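Let's start with one chain on its own, the form predicted alone, as structure tokens.
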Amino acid sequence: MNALEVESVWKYYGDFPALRDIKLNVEAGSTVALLGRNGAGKTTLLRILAGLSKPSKGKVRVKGADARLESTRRRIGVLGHGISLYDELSANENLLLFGRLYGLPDPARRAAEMLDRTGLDRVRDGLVREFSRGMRQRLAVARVFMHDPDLLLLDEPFTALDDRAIGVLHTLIAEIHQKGGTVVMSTHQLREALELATHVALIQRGQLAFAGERNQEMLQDTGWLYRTYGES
């Protein structure tokens, strides 16, 4: 069974088609780099995959189930432009809250583990409103991995991360991959994305211009994909 099935998805904002007839199947265990220029439709597609936005036409299934079902959304981890943290809570309290929302059997243990892995254990009781942008982003990464999701959706995940945090994120993504989980990431940082990716999907003006395995040409020359399949 495919981990993710996108069936003829369209998304309109008024009369404007932000997504046009997107068809994409993603096998379990894949890491897909979702690429495209600003305004191509990447974030819109990720929100639909996450069940946060309803397509105007078409369907999205996660392991055969509707992406908008609550039971399906509990199996998805999302890291987007909005970091989705509570400023007036501490780092530990944020993770405890999300752990309980996901019904984890021991959210305190998992929160402690993720704070340690993201290098935030020393500020576990610090209020998030006092954190730097980089610390907030690391906490958001910890939140996304709290419930060990089957499907991970990342929108510009490397933004504001320092080298250590990028290394942590690489490791966590690799662990998801090794467990048979699936990752879809949108980013402008092509080198990092292509090194992690097993597959690539390129969106141009709301349409899927390319979907397939990541090849050696893409690794050797990050501009190759845009020159080969991009807009003229």
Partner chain sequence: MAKAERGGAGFSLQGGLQPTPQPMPALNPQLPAEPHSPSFFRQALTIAAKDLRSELRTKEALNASLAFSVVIFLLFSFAFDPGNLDIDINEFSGGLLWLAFAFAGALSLNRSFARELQNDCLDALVASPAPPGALFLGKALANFALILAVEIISLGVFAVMYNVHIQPQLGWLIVVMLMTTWAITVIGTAFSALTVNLRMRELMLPILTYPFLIPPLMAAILLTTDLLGGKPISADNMIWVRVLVAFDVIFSLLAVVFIDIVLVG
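Here, rigid core means the biggest group of C-alpha atoms that superpose within 1.5 Å across both forms. Residue numbers count along the first chain shown, from 1. Here the structure is a predicted model, which is why all the values come from computation and not from measurement.
Keep in mind the form predicted together with its partner chain is missing from the figure; the text below concerns it.
Peer 1: Kindly confirm or deny that L139, D162 and R191 each have some heavy atom within 4.5 angstroms of its partner chain in the model of the complex.
Peer 2: None of them does, since no heavy atom lies within 4.5 Å of the partner.
Peer 1: Can you tell me whether M135 touches its partner chain? I mean in the model of the complex, with a 4.5 angstroms heavy atom cut-off.
Peer 2: The answer is no: M135 has no heavy atom within 4.5 Å of its partner chain.
Peer 1: Test of understanding: in the model of the complex, would A65 fall inside 4.5 Å of its partner chain by heavy atoms?
Peer 2: Outside the cut-off, so no.
Peer 1: Does the 4.5 Å heavy atom contact test between G212 and its partner chain in the model of the complex come out positive?
Peer 2: Output for G212 is yes: heavy atoms within 4.5 Å of its partner chain.
Peer 1: Is S30 a contact residue for its partner chain in the model of the complex, using a 4.5 Å heavy atom cut-off?
Peer 2: Looking in the model of the complex, residue contacts with its partner chain include S30, since a heavy atom lies within 4.5 Å.
Peer 1: Note that its partner chain is not shown here; using its position in the model of the complex, name the residues of 13-32 with a heavy atom within 4.5 Å of it, in sequence order.
Peer 2: Going through 13-32 in order - heavy atoms within 4.5 Å of its partner chain in the model of the complex - the hits are R20, D21, K23, L24, N25, V26, E27, G29, S30, V32.
Peer 1: Please state whether R133 has a C-alpha shift of 2 Å or more between the shown form and the other one, with the rigid core used for the fit.
Peer 2: Superposed on the core, R133 moves its C-alpha 2 Å or more between the shown form and the other one.
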